[in-house]
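As structure tokens, one chain now follows by itself in the form predicted on its own.
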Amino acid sequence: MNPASKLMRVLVVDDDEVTAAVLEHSLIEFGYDVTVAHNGREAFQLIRSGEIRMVVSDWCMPEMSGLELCRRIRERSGGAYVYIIMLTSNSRTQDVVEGLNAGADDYITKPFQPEELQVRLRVGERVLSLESRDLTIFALAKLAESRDPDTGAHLERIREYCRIMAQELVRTGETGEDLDGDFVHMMYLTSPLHDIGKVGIPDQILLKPGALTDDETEIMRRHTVIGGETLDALVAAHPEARFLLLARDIAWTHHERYDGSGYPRGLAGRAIPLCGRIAALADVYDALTSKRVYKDAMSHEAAREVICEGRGSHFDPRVVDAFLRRDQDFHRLQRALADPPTPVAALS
């Protein structure tokens, strides 16, 4: 659960060596991995490698101008989106319009302030993160659904339960962490990926209709490690997709217990990321109140009692308190999103 190790790569394109060097130095100071090209043609070849997601380009250059470079990039039919910032002394309105029409995402006039460029690059990171986020969450959630027949309504309920508790914790501020509406939204988006590691569990264990043996239980518990390592690899490959940090932590830690008796790492207390502490309660509540082939669904009241008994041992007391203040919202959602009854024919 370390921060992403791979830096966002930015391509600087400028035929003036002094300007290119100043840009390179500034961007390295801001924490970017920088590649430099001295004309549009060289830059376009680098972009075709697929490793460049952000470009800061001069307008006037030999061989291929920045404007033509923009057009060539936007003409590419495939590949990930490339965010382009044009850097030029052309400040007339018609020049700005021409640059944006050619495909530039942003525009900075010379002489520029490094701090302004940093802010505009951060905007580009957010744009790229949104693209990666939506595509990745959809793909991974569908992958989970394809392996586990129980995941459909379960995923819907889990994200709603996580949203409710995150909202409550943001409202009260009692966790002592700097939370806001973005945290609530990201919990809603990423919590359905908590069991993504189940794609690596053998069918005879994942789909077993009865209780698991001790050996099978140990194999099933590996889904936290498989999911965490899978998302960790995505974090390293796509550092701009910061939502993956939250998804990764949820996958790793949603079976940890507040007293340290959980798995896979035996983390305790605040060593467990808050997102994992929230997902842990949501997952248990849903497991208790859902019917399975090998068990009946527990009532909301009985599940509420189990969660109260786990306050301070299984669950973070603050998360339990948030649940208790909103437990009727849980109950309404549980009934609204309940799994349909299993047809009799399917049981024969």
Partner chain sequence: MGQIMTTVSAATSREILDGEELLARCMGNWDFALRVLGKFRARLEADVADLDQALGVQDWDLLARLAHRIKGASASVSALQLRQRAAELEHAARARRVAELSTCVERLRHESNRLVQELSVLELDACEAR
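Positions refer to the first chain, counted from 1. Just so it is clear, the structure is predicted and the values come from calculations on it, not from any experiment. In this text, the rigid core denotes the largest set of C-alpha atoms whose superposition between the two forms falls within 1.5 Å.
Although not depicted, the form predicted together with its partner chain is the subject of the following passage.
Listed residues Y263, F112, F183, Y81 were compared with its partner chain in the predicted bound form; F112 is the one with a heavy atom within 4.5 Å. Its partner chain is not drawn, but in the predicted bound form it has a heavy atom within 4.5 Å of S89. Its partner chain is not drawn, but in the predicted bound form it has a heavy atom within 4.5 Å of V22. Although the partner is absent from this view, V306 stays clear of its partner chain in the predicted bound form, with no non-hydrogen atom inside 4.5 angstroms. Shown alone here, A302 lies farther than 4.5 Å from its partner chain in the predicted bound form, counting heavy atoms only. Picking from 277-285, 294-302, 27-35, 43-51 the stretch near its partner chain in the predicted bound form, with a 4.5 Å limit on heavy atoms, gives 27-35.
Taking 2 Å as the criterion, Y263 does not count as shifted between this form and the one not shown: its C-alpha moves by less than this amount when the rigid core is aligned.
Once both forms are fitted on their core, the CA shift for I158 between this form and the one not shown remains under 2 Å. The Cα shift for T172 between this form and the one not shown, taken after rigid core superposition, is smaller than 2 angstroms.
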